[in-house]
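What follows is a pair of forms of the same protein chain, given separately as structure tokens and numbered structure 1 and structure 2.
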Structure 1
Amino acid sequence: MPEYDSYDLIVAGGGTAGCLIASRIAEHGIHPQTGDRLRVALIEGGPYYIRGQAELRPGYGVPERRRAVVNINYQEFRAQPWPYDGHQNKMVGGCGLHWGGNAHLPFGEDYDHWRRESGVDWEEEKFQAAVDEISQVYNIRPSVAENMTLGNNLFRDAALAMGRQPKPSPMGRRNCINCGYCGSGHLCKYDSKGSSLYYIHQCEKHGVKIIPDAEIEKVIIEKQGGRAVARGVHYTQYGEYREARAPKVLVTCGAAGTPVLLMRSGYGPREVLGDRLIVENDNIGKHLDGDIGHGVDALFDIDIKDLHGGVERYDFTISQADLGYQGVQIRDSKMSAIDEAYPHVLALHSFAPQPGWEHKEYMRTVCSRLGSIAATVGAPIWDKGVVTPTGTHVYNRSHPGILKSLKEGTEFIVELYDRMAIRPIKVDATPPKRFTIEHQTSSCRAGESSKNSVVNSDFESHNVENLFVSSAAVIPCGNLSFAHIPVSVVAAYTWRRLVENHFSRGA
């Protein structure tokens, strides 16, 4: 008896992309020779808190789950986080359970930027079926005008007065009671937020074997003559070292986890891996990109939102000609949502007076009087970041071009506050001196050859046979449409390409 488990496909990393692709391939794929249903394993380093067996009832939730996830914020799940930088949730469902809910489908320009960056053949028309799937599963709709707060409307009217066209930001929700806990990484206890939960449920329905609490140590890559072939994975579960084998392996460990895992497997840049190198690819861990932004906070002397306000918002995009970079987006990030406007955070805000009576008075009202408008630079051309073999993100946090854009964005927002019918009493107009990348992407990007990328436009490794990669890691550059929905759309495109090329009769 072999001392390993065998599958037809191993999906390494059970997050947003992993759950989606595993469930759909199990549903639609067949063994190319026998026509049998596929045995698919989904291996995830984190726990399986949010079981999906019960049918989803958006707007009601499931009593068991409702009790377990009373609006828990993503930071509260970080008892045993990955030792990597970046946005991540170590659990079955990954960031797909905790994303904020702002649901821009990829813009036309995103496809242009992806092709420009790495030569992928991705076009809007090719992605149509994937876009339709995600629009429907997430129920993507514009924010509802009647839920907009006074703060949202002040933003909208000031933007209009400046000749801009603010639009209600799209949200991915169904039967939402607008409890106000979206926006900043809360689980939805009513199962209303579009999330990985749907696909976890589909995994269970279509027989995917979910293996939680199982950190994958490496992908098994064997050399055969001049070829390198993926054979399976080694992982540790509950202290036991285990092996699983499959003729096809898909890595979906996100922007931080994917390059770390591939480098641990001996696949990466020669100068980094030295004598641990099995297969060389200089692009593994390179090109780290994502959303780069800055929020300009303001304090009003009247309530601009309810304490637990809505999560709707308006946003608009400024063209490249305005600020030097394409797609600087301005959004009223905290004019409505609870977001990070928690009392314990606001108590230490730069607007907060010294502790005393004045501070007490400030605390009485600040949750409903603090607003923030953010400028986000999407898809800039810059010397991007690197993910090291231990998951540290290294990049020039004071890149002058990006700081210049954020400074100009800050000035634009200050003017926008000034145009409001009710003006704030305080505005933090200080431009940032450093920035961080949020919603990271592109660390193992797709592209035309191994000279500039790790996988081809169909998600097949350029260098290792039977190895595929998807998740935020393959998106060629940061998006104008944030990350979650583009990652999901790319994942919905991935399963279609993999089924057609590898898991259909005669493939």
Structure 2
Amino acid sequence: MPEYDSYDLIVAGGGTAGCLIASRIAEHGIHPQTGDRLRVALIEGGPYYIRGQAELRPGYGVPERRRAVVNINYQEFRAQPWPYDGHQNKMVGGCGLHWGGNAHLPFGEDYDHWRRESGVDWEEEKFQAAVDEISQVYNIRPSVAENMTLGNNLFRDAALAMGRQPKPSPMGRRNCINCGYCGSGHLCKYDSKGSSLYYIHQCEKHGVKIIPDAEIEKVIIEKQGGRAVARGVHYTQYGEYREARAPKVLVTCGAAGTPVLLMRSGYGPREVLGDRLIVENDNIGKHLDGDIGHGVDALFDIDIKDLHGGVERYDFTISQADLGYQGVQIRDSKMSAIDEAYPHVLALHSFAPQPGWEHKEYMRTVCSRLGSIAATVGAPIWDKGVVTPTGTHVYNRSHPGILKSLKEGTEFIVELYDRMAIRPIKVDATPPKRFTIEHQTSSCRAGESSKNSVVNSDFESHNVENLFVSSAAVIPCGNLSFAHIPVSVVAAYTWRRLVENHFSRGA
């Protein structure tokens, strides 16, 4: 008897991409030689909160999940500590939408940037079926007009006066009760925000073996002559060292976890791995990208927000042709829900008076009077960052080109405030001196060859047979459309390519 479990496909990483791809391949794929149903294993390092629920209904939530996910910020919640840089939830299903459920599908410019960055053949038309799937599953709809606040409308009208065309930000929510706890990255205990909930249910329905609390130690890569072949994974579960084998292995551990796992498996840059190197690819852990933004706060002398309601937004994109093929998105990031302004943060804000009666009066009303507009740089040309073997993000946090864009964005926002029918009484117009990357992507990107990427346009490793990679790691550069929905769209495209090329009759 073998000392390992055997499957047709192992999916390493049970977050957004992993759950989506595993469920759909189990549903639509077959063994290419026999036509039999596939044996698919989904291995995740975190817990499995919603195991075996008979009915998973967005807007109602799951009792086990409600006990763990109350109205707290995703940065504060850790079912298990995420050991690497970046904001992730280590559990089956991974992160859902946050910040009110904002759900931008990839823009046309995103596909252009991806192709231009690394040579992928990802044209918008090829992704239409994936876009349709994610639009339906995440229930992506325009913002609800009746949820717009005075602050939202001040932003909209000022942008129109400047010749811009702001559009309501699309949202991915279903059966939302407008409790008001949507912004500032709050998790939703009712599962109203778009998440992997549907795909988890489909995993259960189509026989995927979900293996939780299982830390993957490495992908098993064997050398055969001049070839390298993926054979399975080693992982630790409940203190016991285990092995699983499969003729196909898909790594979906996000922008930080994916390069860490591959380097831990002996696959990566020679200069990093040294004598631990099995297969060389200098792009693993390189090209780290994502959203880079700066918010400009303003204080009004009247209430611009409601006490309750959703987090609706307007946004638009301005081009920065002088800095390459990039854009700066302007969005009314905190002009709606009152929960987006934390009292403990506002108490120490630069707008706050010294402690005393004046400060007490300021705190009584500031949550509904303070707003913020953000400038986010998307898809820039710059020297990018690196993910180290320990998951640390290393990059130039004061890159002059990026700071120039953020400074110009700050100036644009100040002018936007000046055009408002009700102008703020205070504006913090200080541009940033440093920045951080959010919604990280591109650390094991897809591209035309191993000279500039890790996998090809069909998510197949350039260097290791039977090894595939998806998740945020493969997106060639940062998006104008943020990350979660593009990651989901890319995952929905991934399973289609894998089924056609590897899990259909005669593939």
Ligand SMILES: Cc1cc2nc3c(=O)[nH]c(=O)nc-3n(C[C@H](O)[C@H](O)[C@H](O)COP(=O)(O)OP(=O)(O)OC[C@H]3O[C@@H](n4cnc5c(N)ncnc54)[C@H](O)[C@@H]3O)c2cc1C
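Counting starts at 1 and follows the sequence of structure 1. If you superpose the two forms and keep the largest set of C-alpha atoms that fall within 1.5 Å, you have the rigid core. Fair warning: this is a prediction, and the values are worked out from it, not measured in the lab.
- Two forms of the same chain are shown on their own. Structure 2 is the form predicted alone.
- In a rigid-core overlay of the protein, residue 356 has its C-alpha displaced by at least 2 Å between structures 1 and 2.
- Core-superposed comparison between structures 1 and 2: the CA of residue 99 exceeds or equals a 2 Å shift.
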